[in-house]
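We begin with a single chain expressed as structure tokens, specifically the form predicted on its own.
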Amino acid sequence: MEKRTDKNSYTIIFAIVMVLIVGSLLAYLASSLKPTITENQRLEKQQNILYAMGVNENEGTSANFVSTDNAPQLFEKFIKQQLVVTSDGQATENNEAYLIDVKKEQAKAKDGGVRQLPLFVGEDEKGKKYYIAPIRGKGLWDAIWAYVAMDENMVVQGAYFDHKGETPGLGANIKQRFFMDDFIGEHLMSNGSFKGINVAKGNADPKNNDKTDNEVDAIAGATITGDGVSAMIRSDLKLYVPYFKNLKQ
């Protein structure tokens, strides 16, 4: 005698019920965790911005953020302005500029829209100003991104790089201090024009003593990731040039 559970209709109904139950559970979890995820993303962005301007807990050769507990207070203390910059260099204040999604803004620009450029003006305890810009590009396997702090002459004062899926021990090393610290002091401009910073192999300056050559030493075995970093800097930081030129007028 055929069992009820041997019927095809039973299998189909069982599968449908399971999909509905599992789908409902996932939807509930996604909805209930969304506030926590959003808050964590907000804190991470604040940590990244502070790191780039030198507010961090670095020890020795290790790169360390300020704690998530301290990030909101330190962000409020050191970040004096949040701006949204236009392509002609005009800027308006926006206290939630740090929530602007750079990836979406890049996609908007590709579709012919107007891209919003977030910029954060920081000031340390000695009164020195930092202009921190978030940028995004493509590495070997997936997205790479950074927060670059500059002075009014577009000389790099600090940087934080990160990635989604670069190769451990190779391209993933862009978030190590030996690579990020190499950018400090590097000029983005050359003879009045934007040139960017090239991640170069065999640049005859492995200790990076020359800060005006628009080059830093590449990571061995990570050529494509390094090329992605160079391209990201050229394409995204160039957009801020009109703002810095307006600063000097």
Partner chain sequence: MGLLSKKDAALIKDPLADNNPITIQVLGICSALAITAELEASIVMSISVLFVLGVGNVVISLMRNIIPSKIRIIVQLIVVATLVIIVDLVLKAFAYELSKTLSVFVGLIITNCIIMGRFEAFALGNGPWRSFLDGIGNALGYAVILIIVGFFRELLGSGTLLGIPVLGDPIEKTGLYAFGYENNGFMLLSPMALIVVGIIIWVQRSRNTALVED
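Predicted model, so just to flag it, every value in this text is computed and none were measured. Here the rigid core means the biggest group of C-alpha atoms that line up within 1.5 Å when the two forms are laid on top of each other. Residue numbers count along the first chain shown, from 1.
The next section is about a form of this same protein that is not shown, the form predicted together with the partner chain.
Enquirer: Is every one of Thr5, Asn8 and Phe14 in contact with the partner chain in the model of the complex, taking contact as a heavy atom within 4.5 Å?
Expert: Yes, all three are in contact.
Enquirer: Consider Gln157 of the chain shown here, and say whether it contacts the partner chain in the model of the complex, taking contact as heavy atoms within 4.5 Å.
Expert: No, no contact at 4.5 Å.
Enquirer: Is Pro72 part of the interface with the partner chain in the model of the complex - any heavy atom within 4.5 Å?
Expert: Although the partner chain is absent here, Pro72 would stay clear of it in the model of the complex, with no heavy atoms inside 4.5 Å.
Enquirer: Does at least one non-hydrogen atom of Phe65 fall within 4.5 angstroms of the partner chain in the model of the complex?
Expert: It does: once the partner chain is placed as it appears in the model of the complex, Phe65 has a heavy atom within 4.5 Å of it.
Enquirer: Hey, in the model of the complex, does Leu170 get a heavy atom within 4.5 angstroms of the partner chain?
Expert: Looking in the model of the complex, residue contacts with the partner chain include Leu170, since a heavy atom lies within 4.5 Å.
Enquirer: Looking at 162 to 170, 147 to 155, 120 to 128, 85 to 93, which stretch has residues with any non-hydrogen atom within 4.5 Å of the partner chain in the model of the complex?
Expert: Single hit among the candidates: 162 to 170.
Enquirer: Could you pull out the residues of 31 to 54 that have any heavy atom within 4.5 Å of the partner chain in the model of the complex?
Expert: Leu33, Thr36, Ile37, Asn40, Gln41, Glu44 sit within 4.5 Å of the partner.
Enquirer: After the core is matched up, is the C-alpha of Ser235 off by 2 Å or more between this form and the one not shown?
Expert: Comparing forms between this form and the one not shown, the Ser235 CA shifts below 2 Å.
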